[in-house]
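The chain below stands alone, shown as structure tokens; this is the form predicted on its own.
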Amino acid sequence: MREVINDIERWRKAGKRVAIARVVDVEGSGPRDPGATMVVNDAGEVAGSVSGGCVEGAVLMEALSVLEGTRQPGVITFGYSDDEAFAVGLTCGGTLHLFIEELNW
């Protein structure tokens, strides 16, 4: 969270809305540990990382959906078998559980 705080403050001062995605659980091997954080503003700018790059694009889209009101805040899961993992860039396999919500502070 510390690595994205400056981005959050800058975006909020500019009047942008911000969504936060945090890793809340990892099953099997995962690229980032629980607590890893990514933030997205309503213009599509991103700071931080929840997966080292392998599912960031999908998380960006889900976070924007939360900001647009087309998705409710909550837990989203990304998981792949080891065979499928390489095809999508999740080289470690495993399953990531993230909580995505709009920041309201």
Partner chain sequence: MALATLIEGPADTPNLLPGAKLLIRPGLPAMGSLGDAELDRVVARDSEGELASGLTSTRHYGAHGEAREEAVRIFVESFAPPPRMVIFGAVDFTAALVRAAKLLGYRVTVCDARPVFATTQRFPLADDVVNDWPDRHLSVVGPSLGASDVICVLTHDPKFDVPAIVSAVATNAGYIGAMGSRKTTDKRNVRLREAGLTDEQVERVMGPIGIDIGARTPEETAISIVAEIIALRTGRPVASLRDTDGALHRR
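Positions refer to the first chain, counted from 1. Everything quoted here is computed from the prediction, not taken from an experiment.
What follows is about the form predicted together with the partner chain, which we do not show.
Trainee: Just to be sure I understand the contacts: of G44, P34, G69, G53, which is the one whose heavy atoms reach within 4.5 angstroms of the partner chain in the model of the complex?
Mentor: Contact check passes for P34.
Trainee: Would E9 count as a contact of the partner chain in the model of the complex, using a 4.5 angstroms cut-off between non-hydrogen atoms?
Mentor: Flag for E9 set to no.
Trainee: Hey, in the model of the complex, does V75 get a heavy atom within 4.5 angstroms of the partner chain?
Mentor: Judged by the heavy-atom cut-off of 4.5 Å, V75 is in contact with the partner chain in the model of the complex.
Trainee: Hey, in the model of the complex, does V18 get a heavy atom within 4.5 angstroms of the partner chain?
Mentor: No, V18 stays farther than 4.5 Å from the partner chain in the model of the complex.
Trainee: How about V24: is it within 4.5 Å of the partner chain in the model of the complex, going by heavy atoms?
Mentor: Taking the distances in the model of the complex, the answer for V24 is yes, it comes within 4.5 Å of the partner chain.
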